[in-house]
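A single chain, nothing else alongside it, follows as structure tokens in the form predicted alone.
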């Protein structure tokens, strides 16, 4: 897959169909593929956190979850094909279960929410089996038992919603111990699947205004969301004054 360098983070330049094809292909592969879906906020976190940046660059699939990341790629003159949001990719994988049964384990969200998501998934997608769940409020001492629970379940895809950058760091650290075929960092998607959170209306998603919807729903996110304009301004600056490693990277 072609890589697009956005401020030192090497995104996979794929469409939603190509991302789905990759995930489906991993179901018959070996090892747990690490799949992350950074938006503008996470991309800016990676500018301040070198460990996070390195983790993102070691992903097996790194896709642009947000119109801001796609806009930045265009400003830099290296356009990504399209936005590939984490929740939409999860839904496409669930739809794919009509062609082939797929099993899942859900890790994250508040106690009880993962179970609600599991019930909704299996009700809507009869060939999607959720083999286990665990909430995201656990400490380091519980990690080994949680990994044993995931592995013992036999789930093929692990959905991890611990929030960024915790979920990316958790997947990266534990991937060698996981028996699943893919571990996906999905952020708040578990809440959406559970029905405890809602997506922006489709017209706002098409217009790249999901950030506005989130801000209206959660005003306390204001300080965090200042990273979006910072990210775009950084992209303009880098377009005018590219760093040496970006001049030679397509």
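Positions refer to the first chain, counted from 1. Given the structure is predicted, the values throughout are model-derived calculations rather than measurements.
Below, we refer to the form predicted in complex with ligand UDP, which is not included among the displayed structures.
Using a 4.5 angstroms threshold between heavy atoms, residue 31 stays clear of ligand UDP in the model of the complex.
Put simply, residue 164 is close to ligand UDP in the model of the complex: some heavy atom of it is within 4.5 Å. Ligand UDP is not drawn, but in the model of the complex it has no heavy atom within 4.5 Å of residue 205. Of the heavy atoms in residue 132, none are within 4.5 Å of ligand UDP in the model of the complex.
Highlighted residues 10, 54 and 230: none comes within 4.5 Å of ligand UDP in the model of the complex, counting any heavy atom.
Note on the interface: of 139-147, 120-128, 84-92, 101-109, the segment with non-hydrogen atoms within 4.5 angstroms of ligand UDP in the model of the complex is 101-109.
Contacts between 58-79 and ligand UDP, taken as any heavy atom within 4.5 Å in the model of the complex, involve no residue at all.
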